[in-house]
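One chain comes next, on its own, written out as structure tokens in the form predicted alone.
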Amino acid sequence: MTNVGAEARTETDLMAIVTELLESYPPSRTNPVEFWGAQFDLGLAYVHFPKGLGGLEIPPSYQELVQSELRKAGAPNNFFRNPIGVGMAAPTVFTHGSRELAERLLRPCFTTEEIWCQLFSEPGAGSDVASLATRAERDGDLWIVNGQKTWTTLAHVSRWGMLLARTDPDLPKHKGLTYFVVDMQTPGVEVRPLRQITGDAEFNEVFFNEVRVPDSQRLGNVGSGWSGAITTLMNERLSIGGNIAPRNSGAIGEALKIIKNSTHVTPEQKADFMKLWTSAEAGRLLNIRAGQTRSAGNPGPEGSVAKLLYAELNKKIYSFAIDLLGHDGLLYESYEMHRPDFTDEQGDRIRATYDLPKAFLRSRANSIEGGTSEIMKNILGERVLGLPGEPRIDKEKSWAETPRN
């Protein structure tokens, strides 16, 4: 009974803080950055974080209660302006960084004043990230970084990057890695666009030429970078597939609009739509449950379940919706290269204007980004179902001795 009473008090106190936020900073009349700053200062950014770092030191399951109330009030959503920072960098910095680094980085990350990118994948290290070749060599209180990263989302507008680099090539690939926070404005960092099938270039390749990174911007111990990478990757999969949206929103909501407005939908198409709708709703409910049970800071394999489901289902829904449009589904405004900047109010307006053909093309990347669907199946098979893992002949060999493409 004591626990029930404590839980009731926690929820009551939490709702009082939410009410304070909404009354003091009405969403319709408050600049989004100012609103998010107030949300952070009141401990409503990441409720399980410590006080002073955007949290209230209460279980993470209460975060969805906060988000639900904010959605009802029409509060702005910072995830779409800074998805990598809000969804991935903040939990990683909190879990593996120093208190000083967290105090410096978490608030401007949450307010979207400082955008983040993830510097993991390389031309020869995609699904097997641990085989990466970018080197970081110590020079006193600095690390000198040389190498190349690719498929780096929003690197062209980012202030900070989460960098995984090799610091000891004589250790096995997973053990010779170290994790850093790198200032993307540092001399020697070069960002080049990668054009997608949509014409957008939200992805980039990033080159490091003698880039100097202070040791104070290291996350975790030297050689423990893989542990930090797992935190980032699990949060990435959760943020890609586990974003809890209202019923009939997103891809399935767009398909529903077409169904309702069309006079030529066949009974077979209606049946196909209901199968897709049922899968989408089951996934939404799964995400709610996963969000309530995940541990603070480092989610478990539920993020891989959500990511796999989201990626494959999204492609099916958009393909179905394009078929419903008929000839109109073939229309596309322009394939000219465009470097999107979704980090301001203009970006918010762009996202509000839905382009179904573009969403169909963009969804092709869903089963690649954040871990391919094949890798997700391996993770779930090994870590959830307990199936034997694939043979790994390079697990104990030093990285320097392992053949690479």
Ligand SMILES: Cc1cc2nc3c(=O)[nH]c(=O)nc-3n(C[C@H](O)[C@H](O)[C@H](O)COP(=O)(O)OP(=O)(O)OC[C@H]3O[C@@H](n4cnc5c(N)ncnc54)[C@H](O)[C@@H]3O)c2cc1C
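Quick note: we count residues from 1 along the sequence shown, nothing fancier. All of these numbers come straight from a predicted model, not from anything done at the bench.
Omitted here: the form predicted together with the ligand. The next part is about that form.
> Among the candidate residues Leu361, Ile375, Leu56, Val66, which is the single one with a non-hydrogen atom no more than 4.5 Å from the ligand in the model of the complex?
The residue in contact is Ile375.
> If the cut-off is 4.5 angstroms on heavy atoms, which of these, Pro60, Gly37, Gly371, Gly43, is the one near the ligand in the model of the complex?
Contact check passes for Gly371.
> Considering only heavy atoms, tell me if Ala365 and the ligand come within 4.5 Å of each other in the model of the complex.
Ala365 belongs to the contact set for the ligand.
> Find out whether any non-hydrogen atom of Thr152 is located within 4.5 angstroms of the ligand in the model of the complex, and reply yes or no.
Flag for Thr152 set to yes.
> Taking heavy atoms only, is Ser121 within 4.5 angstroms of the ligand in the model of the complex?
It does: once the ligand is placed as it appears in the model of the complex, Ser121 has a heavy atom within 4.5 Å of it.
> Tell me, yes or no, whether Gly126 is in contact with the ligand in the model of the complex, where a contact means a heavy atom of each within 4.5 Å.
Output for Gly126 is yes: heavy atoms within 4.5 Å of the ligand.
> When you measure heavy atoms, are Ile84, Phe203 and Glu390 every one within 4.5 angstroms of the ligand in the model of the complex?
Judged in the model of the complex, Ile84, Phe203 and Glu390 all sit within 4.5 Å of the ligand.
> Of 152-160, 269-277, 73-81, 179-187, which is the one stretch near the ligand in the model of the complex, taking non-hydrogen atoms within 4.5 angstroms as near?
Correct option: 152-160.
> For the stretch 85-99, I need every residue with any heavy atom inside 4.5 Å of the ligand in the model of the complex, listed N to C.
Contacts from 85-99: none.
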